[in-house]
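Have a look below at one chain only, the form predicted alone, in structure tokens format.
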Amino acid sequence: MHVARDTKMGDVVHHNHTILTIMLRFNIKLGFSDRTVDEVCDQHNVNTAFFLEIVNAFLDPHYFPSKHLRTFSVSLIIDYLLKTHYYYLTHKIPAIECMIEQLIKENQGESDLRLIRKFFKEYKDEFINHLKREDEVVFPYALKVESAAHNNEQHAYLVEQMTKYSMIDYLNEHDNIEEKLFDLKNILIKYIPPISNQALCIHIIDELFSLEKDLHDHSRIEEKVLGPKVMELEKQLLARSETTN
């Protein structure tokens, strides 16, 4: 299904209900009636064109209009990425953590389950540090580059910073944090001791697969949209600096 401006928002959800997690990040609330995507986005002050590209990329792994997405402002892209970070930290990670704790509580004699808790705790700490660095270092830097490029500002300190650490450095060291979920999924699928509440185990595994896919989509935006867009703006600033010196 390709979502368009005149597609009924309710039909989008019926096609794939997991899209509701994307709508949450745009602060789009339920109760669409028969309104179209364009009408719902307008109602919630959401950029319809940007919403459509994000939604279609989420629904179809083969659809990723990186060039078109780069036409949107850095601030709009980062706003979405920040809201996604918030969703992970306040919804997704706590939900998985809560289910793991429930599994341990129901099977207190199983030491292997405590190892799963330890493994997830280590992953969570690494995950939080990853997001924190982007929120506090990478994203503010990208916004400064955009501001300087669009306002014809000549910030010597920013140009100097690019020579020491620029967006290409960030992309080169960007971790694929979704890959590190594989070991945890593998433990649950292959090595968890036989327990009575198999439904809960399956629910945890399902949430881990869901997080892994979401992180993959998230990383694509960071690496193929935000990164190249900021790098192009960096080139503009460096060129401007050379002509004025």
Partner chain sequence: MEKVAYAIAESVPIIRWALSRIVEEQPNSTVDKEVDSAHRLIEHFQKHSTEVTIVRLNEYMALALEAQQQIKSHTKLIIAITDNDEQRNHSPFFETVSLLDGVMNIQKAIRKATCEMSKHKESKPEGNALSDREIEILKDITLGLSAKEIAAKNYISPHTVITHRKNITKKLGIKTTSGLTIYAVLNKHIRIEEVE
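Numbering follows the first chain given and starts at 1. Since we're looking at a predicted model, the values are computed, not measured.
Keep in mind the form predicted together with the partner chain is missing from the figure; the text below concerns it.
> The chain here is shown without the partner chain. Which stretch in 49-57, 29-37, 175-183, 216-224 comes within 4.5 angstroms of it in the predicted bound form, by heavy atom distance?
So the stretch in question is 175-183.
> Even though the partner chain is not shown here, does I116 get within 4.5 Å of it in the predicted bound form, heavy atoms only?
Looking in the predicted bound form, residue contacts with the partner chain include I116, since a heavy atom lies within 4.5 Å.
> Would you please decide whether I192 lies within 4.5 angstroms of the partner chain in the predicted bound form, comparing each non-hydrogen atom pair?
Yes, I192 lies within 4.5 Å of the partner chain in the predicted bound form.
> Contact between I187 and the partner chain in the predicted bound form at 4.5 Å, heavy atoms?
So I187 counts as contacting the partner chain.
> Taking heavy atoms only, is E106 within 4.5 angstroms of the partner chain in the predicted bound form?
No, E106 sits far enough from the partner chain in the predicted bound form that none of its heavy atoms falls within 4.5 Å.
> Could you tell me which one of D112, D79, E97, D135 places a heavy atom within 4.5 Å of the partner chain in the predicted bound form?
Only one listed residue qualifies here, and that residue is D112.
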